[in-house]
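Before any questions on how it binds or moves, here is one chain, the form predicted on its own, in structure tokens.
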Amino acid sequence: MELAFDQVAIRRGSSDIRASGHFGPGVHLVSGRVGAGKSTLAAMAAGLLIPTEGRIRREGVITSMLSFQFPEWQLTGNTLREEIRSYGGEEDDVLARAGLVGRGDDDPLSLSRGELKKLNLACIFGKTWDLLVLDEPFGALDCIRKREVCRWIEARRSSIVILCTHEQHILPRIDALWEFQDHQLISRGTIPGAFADWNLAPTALKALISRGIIPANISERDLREAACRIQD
């Protein structure tokens, strides 16, 4: 499977968002400042936006899903059960995954933003997708839920997972790193070699690198393991 951006460009406001590169199976982290182009890239990857230049090729990608930054944008059901059915998920399993057991008849709009985000992600991760695009999946979640979502993401390495996020503290293990600079997508390469060129690297990672310590990856456990080397 492969998702390829061939000299792609699209106008958004006063800026041209540009992207070239190939995404294969694994977890791809896309970082960038606010307004750099991450959400635009996510929408193009999912087929919701058509570039004005270049083309996007999908090889072997039959099923795909985009998780929007704001979960209310994806609501279609009047109850939690109806919402889960719209994804073709198992109601009891998804409610349990979302931490909403016994609330199947509730109105989705009666949920808090964090609960609604959990429901959206539980529905999405209740199925397998060839291409899974996650735009700010950690928004509105507490630390416990962020760590849970990281485990869900790490379990999908056989798919193409594109993770677009500002999150700096709780992240899954990733395979490849991408970064927007001046609205242009740049491949930083695979982990851990990509760390050296990551301009927007988390503070903890930068501190370790400044001391000559390169973590194996960017998850909390990888950073803790690397930090322990300082003690040694």
Partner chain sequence: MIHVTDLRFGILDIPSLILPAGHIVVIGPNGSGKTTFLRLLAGMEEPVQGSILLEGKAPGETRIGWVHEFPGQNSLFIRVGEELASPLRFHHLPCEGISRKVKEIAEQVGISHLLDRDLATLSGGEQVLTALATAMVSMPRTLILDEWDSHVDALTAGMLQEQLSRIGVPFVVQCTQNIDLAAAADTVVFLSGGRVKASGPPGEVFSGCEDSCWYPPAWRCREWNLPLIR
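Small disclaimer: the values here were computed from a predicted structure and weren't measured. Positions refer to the first chain, counted from 1.
If you look for the form predicted together with its partner chain, you will not find it shown, but the lines that follow are about it.
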| query | finding |
| --- | --- |
| Which of 56 to 64, 168 to 176, 185 to 193, 42 to 50 lines the interface with its partner chain in the predicted bound form (heavy atom within 4.5 Å) | 168 to 176 |
| Contacting member of 126, 77, 114, 104, with respect to its partner chain in the predicted bound form [4.5 Å, heavy atom] | 114 |
| All of 69, 144 and 208 within 4.5 Å of its partner chain in the predicted bound form, heavy atom check | yes |
| Non-hydrogen atom contact residue 223 with its partner chain in the predicted bound form at 4.5 angstroms | yes |
| Its partner chain contact at residue 227 in the predicted bound form, heavy atom, 4.5 Å | yes |
| Heavy atom contacts to its partner chain in the predicted bound form at 4.5 Å, residues of 5 to 33 in sequence order | 32, 33 |
